[in-house]
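Below, in structure tokens: the form predicted on its own, a single chain.
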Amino acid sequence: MAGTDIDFATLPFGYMRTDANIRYYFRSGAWSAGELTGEETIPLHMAATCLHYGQEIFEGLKIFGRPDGRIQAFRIDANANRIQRSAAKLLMEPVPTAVFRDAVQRVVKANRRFVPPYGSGASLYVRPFEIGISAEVGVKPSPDYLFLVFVTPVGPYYKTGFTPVKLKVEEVIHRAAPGGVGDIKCGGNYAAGMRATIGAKHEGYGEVLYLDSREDRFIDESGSSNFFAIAGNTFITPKSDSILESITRMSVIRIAEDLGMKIEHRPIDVAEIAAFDEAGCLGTAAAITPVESITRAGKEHVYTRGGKAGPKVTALYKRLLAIQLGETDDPYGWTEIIE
């Protein structure tokens, strides 16, 4: 297959057409075998449950070019498990792990020429999603579903890459509530948070930092990723039923433990932001993003020196990236080669 003339080093984090996506339909109690297609649109009934009642869930994972020229995926099974949890909460048909893995492998192979090479700073972003497609006017689950996976080469989520960003504590808008769907990856969570994120960016911040909706006291997460802080040699991450379980966060916690750090998974009072030594955000799109400062009620708390990330955030980032890129051995079994 012919290569591409893409300048991978200057790619934004955005959509680009590739050769194929893959689609599986759940009808009459069974999933189809999956079909690769170059079509970018979906034929959808105007009364589909995804359009009216929010039966829509998605995932995100990345494929990386290795130094030896091969390509590898990062934690496919963890993403499969998470989309199954999301499906259960919205009463959707769960995508079996075998189907999920088959979809990722087949669509990546079909778009091999779009995988950015090692050293480009880019990756192939994989977006699996599932939607309810049956026509329903009453509020009830769809009997039929579409599971689709597309890919696109992307650059860093933040244009500046591993450069600290400024956060603003959001004290008016809430992202999610206890007992709701804040702990799953559904589109409604992101739609609801846009007004806070866009507003903060207009003020010069990179993202918002949400507080819990019950007391407006404890840190939940940022608008696009999980949050963590470092105090001394302790890695602190918020504990809340309203936070999406980040696969990157789970991975970094394991790395932090192996680097000799103490782990605290607990409610974090927003008043503690004055005591942090370092801070960061965690997610598939951005991996680890260092936090330059957090501003609350007009007061800015800074965690960097000379605009550079602190030593522990930097060490965690380098270790995670080395595993994802195949620069070092993966002792955790998180990566797999896609031939």
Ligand code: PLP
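One rule holds for the numbers: they count along the sequence shown, beginning at 1. As the structure is a prediction and not an experimental result, all values here were calculated from the model.
Keep in mind the form predicted together with the ligand is missing from the figure; the text below concerns it.
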| message | Under a 4.5 angstroms heavy atom criterion, identify the one residue in 105, 234, 224, 84 near the ligand in the model of the complex. | response | 224
| said: Within 4.5 Å, heavy atoms only, which of 229, 110, 247, 133 is in contact with the ligand in the model of the complex? | reply: 247
| query | Which single stretch, out of 306-314, 276-284, 290-298, 31-39, brings residue heavy atoms within 4.5 Å of the ligand in the model of the complex? | reply | 276-284
| Non-hydrogen atom contact residue 174 with the ligand in the model of the complex at 4.5 angstroms | no
| Partner proximity in the model of the complex: residue 118 to the ligand, non-hydrogen atom cutoff 4.5 Å | no
| Should residue 168 be counted as a contact of the ligand in the model of the complex, where contact means heavy atoms within 4.5 Å? | no
| Heavy atom contacts to the ligand in the model of the complex at 4.5 Å, residues of 136-153 in sequence order | none
